[in-house]
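Form predicted on its own, single chain, as structure tokens, below.
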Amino acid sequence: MNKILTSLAVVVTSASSLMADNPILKNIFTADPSAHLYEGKVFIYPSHDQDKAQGFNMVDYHVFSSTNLVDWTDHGAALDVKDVPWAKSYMWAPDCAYKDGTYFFYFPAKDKAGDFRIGVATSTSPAGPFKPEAKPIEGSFSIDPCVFIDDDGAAYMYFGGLKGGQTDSPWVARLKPNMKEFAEEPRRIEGLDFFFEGSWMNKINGTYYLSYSTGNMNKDYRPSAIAYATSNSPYGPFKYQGVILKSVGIWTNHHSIINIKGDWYIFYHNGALPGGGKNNRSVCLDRLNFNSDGTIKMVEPTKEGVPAVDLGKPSAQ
């Protein structure tokens, strides 16, 4: 694997000029992809597995972008644990949100006392680098932040996971307009059967779709399937709908779902690169489809990935 890039971007080109060719990110090990459309490109905000990782003690984040879903640019290290005043270790799955000219990068890490907290860093560029706040978000805890901005502009953070010290459900809290503070006490979410970690929120035709990793919680889909539930409120309660991505053969999976030019895509990870495995994962990309009643069809992971798409100039979301 290539050494970490701290300043210069590198183009990570897939083997085929027509297909994404899973895994799509090949120069370093990556996992937990949060994907967003910003400034005419798809940006992926993954965690970064170290080359010789013995566990999940990740120390930095890289940001990747593409204009066609096939050729990806690694923009280098966008945030490192040594630059976060309050953090000590375990830079796990992040997310990003955009508001009023600022990109907000949310990440979990263990603080100096060994407890997971959630921090925020900012940039005027979706590629970073990101400048972290001096302290974590007050009242934050656990792991796997996902920030969703509703149609009315209200922003909500979904977070939580068993490895982050929680029990059997994620949490949700509305953010203040500054996007750096909770506007309320976090609420426990009900109705997510087999929840383990890795929440992701979509709103489609007025319905809230909350998808997540099941870990070993569902004995029929071990390890780490992706399931989802639906609600008519961002707070829930949610109704469990089923599994949409079976195990990819390694411990953990973590995903994101976005719409690109009318088609739905799911980003996730596996261990398929040379030297890969449960601690050395790699981001993949496949199509996601819906039934006529709004339920999600089971995703079939592929080696080919998805066809190239000319992204044009989608707005930030």
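Because the structure is a prediction, the values reported are computed rather than measured. The first residue of the shown sequence is 1; numbering continues from there.
Quick note: we don't show the form predicted in complex with a small molecule, though the next part is all about it.
J.: Can you work out whether residue 107 and the small molecule are in contact in the predicted complex, taking contact to mean some heavy atom pair no more than 4.5 Å apart?
T.: Contact with the small molecule, no.
J.: Although the small molecule is absent from this view, report whether residue 63 comes within 4.5 Å of it in the predicted complex, heavy atoms only.
T.: So residue 63 does not count as contacting the small molecule.
J.: Answer with yes or no whether residue 56 is in contact with the small molecule in the predicted complex, where contact means some heavy atom within 4.5 Å.
T.: The answer is yes: residue 56 has a heavy atom within 4.5 Å of the small molecule.
J.: Just checking whether residue 95 would be counted as a contact of the small molecule in the predicted complex - the rule being heavy atoms within 4.5 angstroms.
T.: Residue 95: no contact with the small molecule in the predicted complex.
J.: Can you check 230-238, 87-95, 215-223, 146-154 and let me know which stretch has heavy atoms within 4.5 Å of the small molecule in the predicted complex?
T.: Only one stretch passes the 4.5 Å heavy-atom test: 87-95.
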